[in-house]
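Only one chain is included here, represented as structure tokens and corresponding to the form predicted alone.
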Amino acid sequence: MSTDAHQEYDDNLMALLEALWGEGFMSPGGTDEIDRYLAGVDLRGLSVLDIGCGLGGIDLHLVKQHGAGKVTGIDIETWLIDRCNGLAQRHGISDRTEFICVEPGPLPFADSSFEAVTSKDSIIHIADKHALAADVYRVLEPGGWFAASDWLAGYEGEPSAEMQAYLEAEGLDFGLASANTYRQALESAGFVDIDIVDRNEWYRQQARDERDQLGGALYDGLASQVGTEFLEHEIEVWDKLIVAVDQGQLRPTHLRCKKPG
């Protein structure tokens, strides 16, 4: 949620998101949402790839609470990788994590490199869902799970005027796709046991709570940290976000599927 349509995530936005969602998190729900989309997936001792590791909160949780053997987090910004390494060092998990800065495009790993692949609200930035699904399938070992959360479009074709207003205010590089597109991409790649769980109803109230925090309990502290102008803009973005979510145009969703063994 940026003040500049050409700007991606920066320190001010990171400070705001962590104030809302906790250390290491850039998207809502924190560890609870991770646990929900990983329900039934046992990561104990496994090698896990995290696509779009962001600030590293998910990777910390995968190691400490889900018992992952080794988590490899990737992102396209060097400074985010530095933040992840710092988080891992502070929490004593550097020996079970690796963070790599990658170029946009195909995953830079050999076939069958990981026993599980995950992503927390990051693949919205990857426009070609079919290419993504095929690449995730490729790097997974047979029998491996792909479990993720992402922001989906609640429409086919063009967004509503209100959704377009939100996207313009947000100013981030989004590649939104519908649940139907995701299902087709996963099926085409060869995945089975595909489970797509809509979380729009949950986020309708969650978004309001976040907006109230920004305008209330968090306001003074954030204003002194990121500036009043930036904070007021973000509150306006949240107002537009709430309308888009209420319309069903923007739908947080859990995705889970398996590569045949």
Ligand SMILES: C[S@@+](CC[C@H](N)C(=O)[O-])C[C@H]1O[C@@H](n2cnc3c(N)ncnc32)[C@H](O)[C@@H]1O
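All residue numbers refer to positions in the sequence shown, first residue = 1. Source: prediction; values computed, not measured.
Another form, the form predicted together with the named molecule, is not on view; read the next lines as being about it.
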query: Of these, 140-148, 155-163, 69-77, 187-195, which stretch puts a heavy atom within 4.5 angstroms of the named molecule in the predicted bound form?
result: 69-77
message: Between Asp135, Glu115, Glu170, Asp121, only one gets a heavy atom within 4.5 angstroms of the named molecule in the predicted bound form; which residue is that?
response: Asp121
query: Looking in the predicted bound form, any heavy atom of Thr31 within 4.5 Å of the named molecule?
result: no
query: Does Ile126 reach the named molecule in the predicted bound form, with heavy atoms at most 4.5 Å apart?
result: yes
- request: With heavy atoms only and a cut-off of 4.5 Å, decide whether Val226 touches the named molecule in the predicted bound form.
  value: no
message: Please determine whether Pro104 contacts the named molecule in the predicted bound form, using a 4.5 Å cut-off between heavy atoms.
response: yes
